[in-house]
Structures are given as C-alpha cells and as structure tokens.
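A single chain, nothing else alongside it, follows as structure tokens in the form predicted alone.
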Amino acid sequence: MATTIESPRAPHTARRSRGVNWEKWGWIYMRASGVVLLVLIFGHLFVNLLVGDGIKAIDFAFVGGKWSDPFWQVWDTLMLWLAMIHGGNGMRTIVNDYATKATTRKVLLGAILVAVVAMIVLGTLVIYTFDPCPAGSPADLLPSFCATR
C-alpha cells in the first residue's frame, strides 16, 4: 500500500513573474541567516552562561554593563534583526503554503509583517536607549553601581 503526500496548496505561487525571484532570495536568506544566527546565538550563550560566574552573574547590572559596550549593542541588534526576519520569513512561507483563501492569506501576512516590524523597532530601541542609571532618579532606587548624580 503506497502512501502519497499531497503537495502544499499554494496556487498563487505557481505564477511566474518576470522580475526578481523573491522566493529564491528568501530561500538563500534563510540559509545564510541561519548560519550567521548559529554563530551569534552560540556566542551569546557562551559569553552569558559560561564565561565568568555563569548564569549566577546575569542580572540588571550584567545587562547594563554589556549594553554599555557598542560591540555588544551591535551583536545583539544583529541577532535580533536576523532572528526576527528569519522567523517572519518562515511564517510567511507557512502561510503561503497552507492559507487557501486570498483574503485570509493577506490578513495573516499583514499580521506577520506588523509583528516583525514592531518587534524589530521596539527591540532596537531597548538596546540603544537602555540606561541603567537614568538622570534624576532617587538614589535609593538606582542600582549600587550607579554614581549618585
């Protein structure tokens, strides 16, 4: 008894336009970003969990100190952007494969786009505007490493 698996239902992708092949570039992006993400994520885990005191050292001061260095800001920003775009592209592929109605597909793709853009913008703002010692805060509310202003 032979079992066959039906092909994904994506009749809209069967059309071939004459411009840029976005599906090909999306496929290439997924492979390239996956390799870069492996390096970024394992580097992140190594520095945060294995170097120094390990997981016991991760607290507000650790994050504040890490994000005071532009290298780690860029590292975490690159990891955020690549991961969000990688995940959004994967979700887009799933929606294209299994959403049968054009309206449903457009709504889902729009929701994915809004979510990815919002998370990228908010995450990037947090990374670059994070200040563990805000000016004008009461001294008793500041972490111990902050100089009283």
Partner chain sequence: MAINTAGTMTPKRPAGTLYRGREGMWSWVLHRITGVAIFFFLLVHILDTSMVRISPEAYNAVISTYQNPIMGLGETALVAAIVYHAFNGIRIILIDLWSKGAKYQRVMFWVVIGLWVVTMLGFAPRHLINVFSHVGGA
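What you see is a predicted model, and the numbers here were worked out from it, not measured in a lab. Numbering follows the first chain given and starts at 1. Definition used throughout: the rigid core is the maximal C-alpha set that superposes within 1.5 Å between two forms.
Missing here is the form predicted in complex with its partner chain; even so, the following discussion is about that form.
Asker: When the contact criterion is heavy atoms within 4.5 Å, does R31 count as touching its partner chain in the predicted complex?
Answerer: Answer yes; at least one heavy atom of R31 falls within 4.5 Å of its partner chain in the predicted complex.
Asker: Decide whether G110 counts as a contact residue for its partner chain in the predicted complex under a heavy atom distance cut-off of 4.5 Å.
Answerer: Answer no; every heavy atom of G110 is more than 4.5 Å from its partner chain in the predicted complex.
Asker: How about L40: is it within 4.5 Å of its partner chain in the predicted complex, going by heavy atoms?
Answerer: L40: no contact with its partner chain in the predicted complex.
Asker: Answer yes if any heavy atom of K106 is within 4.5 Å of a heavy atom of its partner chain in the predicted complex; otherwise answer no.
Answerer: Outside the cut-off, so no.
Asker: For the stretch 117 to 132, return the residues whose heavy atoms include at least one within 4.5 Å of its partner chain in the predicted complex, in the order they occur.
Answerer: Residues within 4.5 Å: M119, L122, G123, V126, T129, F130.
Asker: Following rigid core alignment, is the displacement of the N48 C-alpha between this form and the one not shown equal to or greater than 2 angstroms?
Answerer: Yes; that C-alpha moves by at least 2 Å between this form and the one not shown.
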